[in-house]
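The data below hold one chain only, encoded as structure tokens and taken in the form predicted alone.
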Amino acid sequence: MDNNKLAIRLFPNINKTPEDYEKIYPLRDLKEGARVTRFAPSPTGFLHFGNLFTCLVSYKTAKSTDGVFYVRVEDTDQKRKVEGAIEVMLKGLSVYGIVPDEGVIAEDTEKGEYAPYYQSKRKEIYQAYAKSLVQQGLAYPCFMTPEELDEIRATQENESIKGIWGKYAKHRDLSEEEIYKRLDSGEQWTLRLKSPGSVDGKCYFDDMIKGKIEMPENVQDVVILKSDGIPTYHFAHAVDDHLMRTTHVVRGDEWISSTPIHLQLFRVLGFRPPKYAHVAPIMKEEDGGKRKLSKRKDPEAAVTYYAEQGYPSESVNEYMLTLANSNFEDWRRMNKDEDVEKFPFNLKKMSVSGALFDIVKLTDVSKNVICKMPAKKVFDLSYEWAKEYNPALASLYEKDTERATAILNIDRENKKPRKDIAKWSDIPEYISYMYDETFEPCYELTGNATPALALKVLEKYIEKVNLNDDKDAWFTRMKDICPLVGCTPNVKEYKAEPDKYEGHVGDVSTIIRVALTGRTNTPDLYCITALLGEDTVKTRLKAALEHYKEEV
């Protein structure tokens, strides 16, 4: 068999050689240990939490070593392409701080010396390497029809090894005469790898997350070029990861079963394989067991869910790092105010079996993140969210942006900020009592605060309230009311002789809090009173007084 002659016949228009492409795409000039990783989406859908999580791991792997993270679009299947999908994905990544150093940086926009980064534009490159394999006798044209392939699949239904191999590889050893006869008659062909694997052979590799893995060696003569000359995923990714000088491939562990094929392709092509890091799927508890986070069953599987709910990107990033590295929470406790980018991310600290998604944990993480934000940032981020998802809140903000910021600043920017807000969608309820349009009176009391006591307290407080008071003077007025209504201004004194008093200063403040806010638990009442303004304060106090008169 004259393999060179066959290669020219199969690829008459391919003039460049692998050696040419090795020069076009040289080794990267990076420091020792720098890792090159990628995100390689297909333009067939939108960004899901699992994609985002795996992408974050890939990004951190590169960034933690001063390496390169790039985006390559695997769009060889043009029939499944969804218009705008890549733009949506890239915008989704950028929200969470994942910005590629090179590759596809916007729809139809590429940056970097290893372009093109769209696989659909790299057809000649793949064919050059395919041609080289034919020249070396490592690949062959296969003329099997879809009907023949279906027949083989039916025959193999109960066999442990499926696919085209051994006796099923009918065209592996066709004579030169038979091959040219079929080509001359115009029969369609695919190009198959002439697998060097054996049934007894083993494939070993050291996964960066799961450790040493042993699997049966690949024996299938897998298709590397389809009948239209477009490569299969297996072949394209091997050529691209080599020429783009990828050092670490981070991907879902559903790809483990394909790794023997990929490692074999790298070996046959003469490439040094990248390190593989297979990420276990995000799991969710259900009915006492665990299952994969599902984009069909779980709204939180879609990345858009977090934007709609108003979780800040910082919160989602922090939460994903708790899933990604087992030591992140300890690091955060030791570095409460440190930039998350300084966390020493490590692939070997990842869960082998899959992290468990917990919306309660995300909420707790987000409360901690938001409580540390200055009021201006909380206002700006929540306002941007509200303009898209809650126009009513945006409208309230727009009435007086300075007042809205001041409301959000109550009990913020101090040593122990409150943790009431987990996401921007919590804010309308959280601040509803600060606006007459959204205030809903509720006069239920707690502790020693009875309707009868409330009646006496409010009658005295309406006489004494003065919004020009500073905080000390305001609290002094609160204490001054106590002996007038049978209470003590000293909580310890009340605890020592509870039968002697109707209540203490805490009960007095609770009555006023409920009258002004409809709640028994709020941020600092002095600040609330000042921001409500005199007219609103007196109107609400009088309304509460009338309510308790009727109740008593």
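A residue's number is simply how far along the shown sequence it sits, counting from 1. The model shown is predicted, which means the values in this text are computed figures rather than measured ones.
Another form, the form predicted in complex with a small molecule, is not on view; read the next lines as being about it.
Participant: Considering the small molecule in the model of the complex, find the one stretch among 520 to 528, 39 to 47, 504 to 512, 482 to 490 with heavy atoms no farther than 4.5 Å from it.
Facilitator: Careful reading of the contacts points to 39 to 47.
Participant: Within 4.5 Å, heavy atoms only, which of 410, 421, 250, 350 is in contact with the small molecule in the model of the complex?
Facilitator: It is 250.
Participant: Using a 4.5 Å heavy atom cut-off, which residue among 217, 426, 74, 469 comes into contact with the small molecule in the model of the complex?
Facilitator: Selected residue: 74.
Participant: Determine whether any heavy atom of residue 233 comes within 4.5 Å of a heavy atom of the small molecule in the model of the complex, and answer yes or no.
Facilitator: Flag for residue 233 set to yes.
Participant: For residue 255, is any heavy atom within 4.5 Å of the small molecule in the model of the complex, or not?
Facilitator: So residue 255 counts as contacting the small molecule.
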